[in-house]
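Only one chain comes next, encoded as structure tokens, the form predicted alone.
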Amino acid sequence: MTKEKVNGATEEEQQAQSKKALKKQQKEAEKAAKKAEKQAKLAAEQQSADEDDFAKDRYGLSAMVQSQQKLDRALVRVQDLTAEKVDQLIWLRSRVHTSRAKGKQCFLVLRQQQFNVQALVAVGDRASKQMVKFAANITKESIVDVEAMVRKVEQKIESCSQQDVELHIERIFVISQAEPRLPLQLEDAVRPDGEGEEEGRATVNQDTRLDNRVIDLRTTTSQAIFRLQSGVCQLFRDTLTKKGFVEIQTPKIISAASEGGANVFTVSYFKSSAYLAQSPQLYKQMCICADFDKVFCVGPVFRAEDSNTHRHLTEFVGLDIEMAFNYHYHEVIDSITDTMVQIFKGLRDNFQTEIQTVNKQFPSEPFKFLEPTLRLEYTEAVAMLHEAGVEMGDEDDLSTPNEKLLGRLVKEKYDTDFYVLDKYPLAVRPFYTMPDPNNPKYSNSYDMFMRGEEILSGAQRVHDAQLLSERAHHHQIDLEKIKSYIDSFRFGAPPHGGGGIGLERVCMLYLGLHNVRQTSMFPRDPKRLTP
């Protein structure tokens, strides 16, 4: 091919390319002109809408609250919106639970903790079309301030906790906007298992809940669970304070395993190692030796057990009791069982709203207990299990399935969900447990059960330094490591006993739930360290 031909071809290509580029530029210019025209039209429409929008000062996004001003405005609680408030103009702050636009009106459900109320924004002399559109587009879970008239409704609103009234909104301002995409839907998170499966509606699995715990804790069920849990702590404290107990605080970083076991977390402690306390056991007893007479504490307990069950956590809240007694350790049992009964009564009488809320999602039988509390001896329990066809030795420890079966047998025979099992075999109890004076194979120890699961383990403690050393030696515990504990009993120690209760377990079993993670706000187990 000649040089001229090659040059000619190149020129033609260049011309074709420049034509293409010109066309492309023209197209882009047309596109930009159309876009500008559209934007101008939209801006003009918006301007005329703004001019027509008589309600534009009655809604919108509020400036971020940075404590700019002190408003003399009383906010009403959703739970207080009853028929007594009808025809009152009120302000309220809540979350937008759901919204549904319908023609010239928008229905909202406004939620505050475990309570919710229906609200309505409708085109009229207080709200414009634009205001209704704005309300309909507020994202779920956003926090809003609302001024509204409380109105009585003809028909009860079954889907809301406040069934007799609805709110007619006159002003609505977004205080904090939620992102449009939520990691889980709250209505899915409160749906009972199995419900809505035919329609293909979702439920939320446990890991998704726990990974997004902040959202999950907003559900009516979670709100009810943790308000009831707060009630358990309050009732525990109040009851024991009335009984003359003193609340104490004990260290959680200790130099030796509390119970001489291997299930402890080791932490680095400057140039040596320390452990996280498995229980406040040793310190409660030291307080008894120091003449505090009756003590209790509420605090975290750590167990390095690789147990991935429905009832085990690596960190939980311990409700611990220790007290001196006069002549018989049953004085301690009576004191603890009475405390538990006072808690059960307090929950029954003051937390019905929470119990009913949880029951909607997780139905269960009401919790039953007797006064005075049923107390069975270990040998009686073994006999009941033998009768039911279970093969076990008289001195064997109870397995979890056998505990559950025993719970069912006790419920059938005595109609109670709460009972005490007394006189455990000495071989299955810790070294500091007092042996039974009449039968050395058994001990002055007891467990307490709710719905067939153990919630408390306790005993009369050995309060004699010599016997304590012998028992520790028998359990092959290094006496050097527990020297300060044994030394506490060398200078006169009253007979005493006590026990430790798991708060999360008590709440789970009282409410008839099936997993302790549901009653632990931010649970820790072998597979979970966050959030």
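This is a predicted model, so every value here is computed, not measured. One-based numbering along the sequence shown.
There is another form of the same protein, the form predicted in complex with a further copy of the same chain; it is not shown, and what comes next is about it.
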Contact between Met149 and a further copy of the same chain in the model of the complex at 4.5 Å, heavy atoms?
no
Gln476, heavy atom within 4.5 angstroms of a further copy of the same chain in the model of the complex
no
Gly500 versus a further copy of the same chain, in the model of the complex: is there a non-hydrogen atom within 4.5 Å?
no
Hey, in the model of the complex, is Arg471 touching a further copy of the same chain, heavy atoms inside 4.5 Å?
no
Residue within 4.5 Å of a further copy of the same chain in the model of the complex by heavy atom, from Glu377, Asp338, Asp397, Glu305, is Glu305
Would you kindly say which of Gln113, Gln118, Thr98, Thr416 lies with a heavy atom within 4.5 Å of a further copy of the same chain in the model of the complex?
Gln113
Among 382-390, 341-349, 161-169, 243-251, the stretch whose residues bring a heavy atom within 4.5 Å of a further copy of the same chain in the model of the complex is 243-251
Scan 505-531 and write down, in order along the chain, each residue with a heavy atom lying within 4.5 Å of a further copy of the same chain in the model of the complex.
Met521, Phe522, Arg524, Asp525, Pro526, Arg528, Leu529, Thr530, Pro531
